[in-house]
Each structure stands twice: as C-alpha cells, then as structure tokens.
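Included below are structure tokens for two forms of one protein chain, each presented in isolation as structure 1 and structure 2.
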Structure 1
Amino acid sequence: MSTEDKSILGMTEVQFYKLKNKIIWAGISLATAVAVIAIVTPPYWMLNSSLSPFSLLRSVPPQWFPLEYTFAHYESVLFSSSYPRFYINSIIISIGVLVIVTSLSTLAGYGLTRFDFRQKRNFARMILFGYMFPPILLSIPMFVIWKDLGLHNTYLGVMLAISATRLPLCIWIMWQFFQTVPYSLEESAQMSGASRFRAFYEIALPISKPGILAVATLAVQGGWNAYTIPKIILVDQELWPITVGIQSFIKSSTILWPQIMAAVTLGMIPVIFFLYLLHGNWETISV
C-alpha cells in the first residue's frame, strides 16, 4: 500500500500534512499580526493624539482616523514651555552615559578576560548581581553620597548614577564577548613588536565591535529613559531631562494630554536617529 493510500481523518497522509502545515502557518501569521498591532498601536495613537484638536480627543467612540489635524500642540510645546531645555538636557545626559558606560565596560570586560586573579569568575558573576537592584533602591543612597561629594544636582552626578546602574550588565556582556576573541592573535601582534595596548586597540577592539555596539545601545536607552535617578538627584528644573520635565504638562486642574503626546513624539526622534545610525550594523550586533 502506498503512503497516499493511508487514511488519516478521512484524508490521505499527504493531504493531512499539507493541512497541518497550513494550520501552523495560519497560527504563526495570526500571532505575528497580533504582535505587530500591539507594537504599532501605542505609537500611532500617540502621534494621532498629538495632531488631533483637543475637542476630538475625548470623542466617543474614539476617532482612529480623524479628518482634522493641527500642529498647535507642537507649537505650544516648543515655544511656550521649557521642553527645549529638557530636550537638550536629555541629549547631554545620554551622551555622557554612552561615553562612560561604553569605555568603562569595554576596559573592565577586557581586564576580566585577560588578567588572572583569584576568584576571577566568581567576581565577574557577582558584578551581574549588581544589576538586580531597582533604581529606586539605589537612588536615595546615591543622593546622600553624591551630596557629600558635591555631585548632586549636576550633569556629571546624574551621568555617573545612571552609568552605575548600567555598568554591571554591560561589563558582563563585554566579558562574554572578549572571551570569544582568540588571545593568540594578540600574542602574535606582541611578538611582532606591538605593545599590549596596541594589540588591544587594533586586534581585540575591532573583533569585539558587536559587543561594543550592544553596550552602546543599552547605554543610550538607559540614559534617555531614566526617570527615578534624575528625579531624585536633579533638584534644579533647568537640569531636568524629558522624562522628568514632561510632568510640567500636568497641571493642578487638568492634564495637557495633547502637549504630552507631542512631547513624547518629539522625544522619540533622537532614539530613532541613533538606531538609524546603527542600521548598517544590525547584522553585526545579531552575530
């Protein structure tokens, strides 16, 4: 008897497996569609709310595709509030966190990989333990220490505080990446006359580029989205980033939702631009 002659639920075996594959692909397609809708809907609703007249925001049922748009909320945010100052502060803080976290985690990861000392592996694993503490738990002790050092209410203080919460994971990532770099390549360079730093700079660093890009992405994400630490350490409103400053659109009698939506939409632009700069390296990062 041939394979096609076997009957499964009234179908031949070939027909049964074709139907099974169609059901699996239909399930995957449905799950993908639900995931895409869940991801795209919040940004779309945010953009839609920032462009809609205030009178249409509370209309029932909600208008997903309103016919009337306005840029008045963006004009209010950019020219009648302190939002531009908050915007610049967020960029300064994110760049500072990027430089601190990327440089320190790269050097620390290399040192943990190449230099031997007692309990090195346990020490490297314990570093990751520091990532488990939530920012709210670290913010108060940091504020006390930073105040004693004169770093509270400063750009440098908030950069160091945010970097301290990001460094454990980033050091652990770089430690893992440098373990994939063959030490024999650096030894060959040193036998040819290169110094240890030159072997690190010209051999180990380019090979570990995927790890550095991943760490840079985490650093920018941490600096741009930080709320708890800047809220506690930065007292002066002139130093607030977007995440803290956006609360100025919450008044005692009302919440300016259109302005908040416009502010958040504008706040996404630098992050999208940063991801665009990394666009050519996504394949490298995924490796």
Structure 2
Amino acid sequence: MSTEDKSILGMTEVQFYKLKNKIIWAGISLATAVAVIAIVTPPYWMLNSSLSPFSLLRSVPPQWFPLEYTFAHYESVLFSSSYPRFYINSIIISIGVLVIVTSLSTLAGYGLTRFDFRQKRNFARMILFGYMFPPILLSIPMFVIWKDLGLHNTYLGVMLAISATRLPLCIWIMWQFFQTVPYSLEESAQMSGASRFRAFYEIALPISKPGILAVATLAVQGGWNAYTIPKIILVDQELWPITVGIQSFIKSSTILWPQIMAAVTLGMIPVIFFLYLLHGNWETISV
C-alpha cells in the first residue's frame, strides 16, 4: 500500500500529521499567550494607575500606554500619609516572625529527627493539622485571650500569632530536611570531643542552610502577607501593617485610587525580591 492510498481529508498521511502538529503547537502557544496576558494585566494596570495623572484614569477607552507620567501619587503616599509608618510596621512584624519561626522550627526539626520520642506519628499529625488552620478561626478567640493578657495591641502579640500559623509547616520542612543530613558527621565530631550542642551548631546547622533559607522565606512571606490576624488583633492604627493600613486611603466620601495603587506597588517590592530568591525552587513555597 502506498502512502497516497491512506489519504485523510485529501492530504497524504505525512501532510496530515504535519498539519496536526502545527495546530497543536498553535493551540499551546495561544493558550500560553492568553494565560500570560491574564496574569500580567492586573499588576500592569496597578502600576499604570499608580503612575497616571488622575484625569487620565477616567479616560474612555482605557489608556493602556499613558503618554504622561506623574509621581505625584507616590509623593503623597510617601510624604503626606501614615504609609511609611505602616511599611515600618510590616518590616518589624516580618522580622519578628522570621526570628521566631526560623529558630524554633530549626530546633524542633533537629530534635524530632535526632531524638526518640513516643507518639512521634501523632505528633506529626498534630503538626499538619495545625497547618490546616485558617487565621480567621484562630484570631477571633485570640482577640479575647490576647486582650486578657494585654497582648492584643502589641507587635509581640501579632508576631506570636502569625508565627503560630506558619510554625507547623516550617517544623515539618525542617524535620524532613534534617533527615537528609547524615548523623555520622556529628558523631565523629562528638568522638573528637565536641559537645552535642557544638556538633549541632557547627556541623548540622551549616549543612541545613538550604532548609533554613526555605523556612526563612516562608516566615517572611507569612509576616508580609498577614491580613486577618493583624486586622483583628491590632486596634491601634499606629501599629497596622501595610496590608491593613491601605484601608486608610478609603475615606468615607471618596476612595483615593491612585494612592492605593501606589501603596500596593510599593508593597510589592519585597514580593519581587522573593520571586528572584525563589527562582527555580518553587516547590519550597508550594507546600
């Protein structure tokens, strides 16, 4: 049988498959283009709105590439609002969460790997169960408890609360990570006279640096992203992080859109930095 006999839709088989591959390739390209446009449009519009003069925001049809740019909205956000204060609060909260979560989860991960505990399996389950907890569920009772303890309007209270939501997952990651670190190295250090703690500090800790970095990234991200917990626990405007603080640009009579978009853009700077840090290591944040 020659190839001509197997013609499909008036084409030879080879032509048909070439066409079919082209169509599949075109379909994939089109889908990718649509996905990229859908993903890029909201942040682009945010940036665009924060830079356009107010009059251009209302133009019909929308001005995709405004010919005029202005930094006036950034100026008003940075120099005549409480936004810098919120930004500093966000940084303080993120650093607090970073310190608490990284140190506690590294210690706990190490301990869980190296020492024997009864009920390890149940402990693992409990940790993961804690990971599933939504902030809204914790923060309502926390508001009551924190108020009794005098923590409900403090940085420390917020740091502890956010850390609690991040801790289970981070312990889990460090637990898994330390299992890949061979114990023999520490043993040989102990043989030559190092204390157990020194063996941990000088040998296990440096090896586990990638794990600690992953946990640190998650912790900072948790601190920077937190909305529900600070919103409920922090009553005092002076202490609000940016996620909550942006609402101060919504006045009862008017909503200052360009200022909000400028504030969100500025808040995105650390996010872009994470993107750079995580490049190629996406699995670490997905868990």
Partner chain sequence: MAIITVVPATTMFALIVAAPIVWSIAASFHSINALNPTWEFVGIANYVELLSSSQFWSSLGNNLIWATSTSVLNTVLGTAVALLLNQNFKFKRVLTPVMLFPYLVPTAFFGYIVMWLTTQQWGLLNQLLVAFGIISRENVIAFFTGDPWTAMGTLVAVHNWKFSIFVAILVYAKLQGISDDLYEAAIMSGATKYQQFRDITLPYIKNVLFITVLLRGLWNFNMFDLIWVATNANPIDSLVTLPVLAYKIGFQFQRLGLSNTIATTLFIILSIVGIIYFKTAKPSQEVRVE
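All residue numbers here refer to structure 1's sequence, counted from 1. The structure displayed is predicted, hence computed values, not measured ones. Just so we're on the same page, rigid core means the largest C-alpha set that superposes within 1.5 Å between forms.
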### Message
I need to confirm something. Of structure 1 and structure 2, which is the form predicted alone?
### Response
1
#### Entry: Core fit, then Ser29 C-alpha moves 2 Å or more between structure 1 and structure 2
yes
### Task
Please say whether, between structure 1 and structure 2, the C-alpha of Leu67 moves by 2 Å or more once the core is aligned.
no
### Task
Tell me, please, whether between structure 1 and structure 2 the C-alpha of Ile39 is shifted by 2 Å or more, with the rigid core used for superposition.
yes
### Core-fitted comparison between structure 1 and structure 2 - CA shift at Ile272, Å
3.8
### Message
When the rigid core is overlaid, by how much has the CA of Lys20 moved between structure 1 and structure 2, in Å to one decimal?
### Response
8.1
